[in-house]
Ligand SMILES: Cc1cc2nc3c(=O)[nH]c(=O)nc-3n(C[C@H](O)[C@H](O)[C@H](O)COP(=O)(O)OP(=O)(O)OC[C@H]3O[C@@H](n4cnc5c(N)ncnc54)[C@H](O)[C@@H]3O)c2cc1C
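In the form predicted alone, a lone chain appears below as structure tokens.
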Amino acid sequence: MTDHLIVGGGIIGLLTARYLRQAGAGVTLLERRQVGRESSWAGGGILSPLYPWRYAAPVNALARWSQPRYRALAEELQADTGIDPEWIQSGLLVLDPDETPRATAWAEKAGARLDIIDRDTLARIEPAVGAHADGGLLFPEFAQVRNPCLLKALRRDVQARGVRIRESAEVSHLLHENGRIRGVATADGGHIAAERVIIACGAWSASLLRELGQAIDIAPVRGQMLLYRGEPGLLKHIVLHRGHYAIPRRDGRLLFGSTMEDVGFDKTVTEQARQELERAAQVLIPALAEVPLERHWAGLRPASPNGIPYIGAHPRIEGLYINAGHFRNGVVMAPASAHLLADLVLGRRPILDPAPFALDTHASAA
């Protein structure tokens, strides 16, 4: 028997395991396929919600707690594992002038630095951006991580700390008796006993809880992305325009995304989406027309109402917890989400008010 069994090996599951293990808890983590290869890997690693003023206060609360702690987390992981998560304070440049009033009001309230730049300044700091752009909004303090590297570092870190990881271990259903969790059953017919079970498997979380009569509103939303193999310096900032974003990596590669598609659990990439993304990328950054396209992939975001994740205890099954439904902002919200869940599991004073994330809160709001 394990003390704490985490179902899901993405960034939420890995960081939850890390916080629990730092407190001395025994932890086993199960992943249906490979650790860190689903939504956490497929996203862009932007350490801010896109257009944060469009999101509910609980989403921004998780992001604001996490953002100032990410650099130290990345440095600690690199020192301990030798893997660099590539935390870069590249800033976020928003090229949507109609967002200025809301962005300005949000930045003032949130205490976030915002620089309003004109066309000439934009041409100087980002000459590769298309000539159509008429200035923008620069959040210079926002950063990014290279999420595949972050996930590799987290895996190595938690294993070194003693977390037991089992891959290709799909959970078929939860084992409970007399209102108490007992463990999980796996698709290969095995049973794993546990004192506490934490569901952190993103878009797949809803199906595990449905059998308990607990409907949670988490559904997959496909996002397709492109990776260009460019040269360092083509773009300096993360650039956001009409819902599309371009993310420059340290080695010159540039991510461009992404689509929003309600197609269930289908991760197939499509030619139509590739062409649409390429057109949008070349309008925003004309030089990309001459840059090789290296890769095209898709991931499934775990969408929840208003993007607010479910974090907390099951209202009827003792010992059962959930940490899922982070939609497009799993990476930026992950440290706060994992720490908050660990606080609740361990009976510590929580870092944030847990009420907005509780399962019964979501149910009553729906």
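Heads up: residue numbers just count along the shown sequence, starting at 1. Keep in mind that this is a model prediction, so the values were computed, not measured.
Here the subject shifts to the form predicted in complex with this ligand, a form of this protein not shown in this document.
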- Among 96 to 104, 115 to 123, 200 to 208, 81 to 89, which stretch has residues whose heavy atoms lie within 4.5 Å of this ligand in the predicted complex? 200 to 208
- Message: Just to be sure I understand the contacts: of Ala153, Met225, Leu138, Leu235, which is the one whose heavy atoms reach within 4.5 angstroms of this ligand in the predicted complex?
- Response: Met225
- Message: Using a 4.5 Å heavy atom cut-off, which residue among Val27, Val59, Val331, Ala338 comes into contact with this ligand in the predicted complex?
- Response: Val331
- Message: Taking this ligand in the predicted complex, would Arg32, Gly43 and Arg301 all count as contacting it (heavy atom within 4.5 Å)?
- Response: yes
- Message: Is Ser39 part of the interface with this ligand in the predicted complex - any heavy atom within 4.5 Å?
- Response: yes
- Message: Given that this ligand is not shown alongside this chain, does Ile12 nevertheless sit within 4.5 Å of it in the predicted complex, heavy atom to heavy atom?
- Response: yes
- Using the partner position in the predicted complex, report whether Asp251 sits within 4.5 Å of this ligand, counting heavy atoms only. no
- Query: Do Val7 and this ligand come within 4.5 Å of each other in the predicted complex, heavy atoms counted?
  - Reply: yes
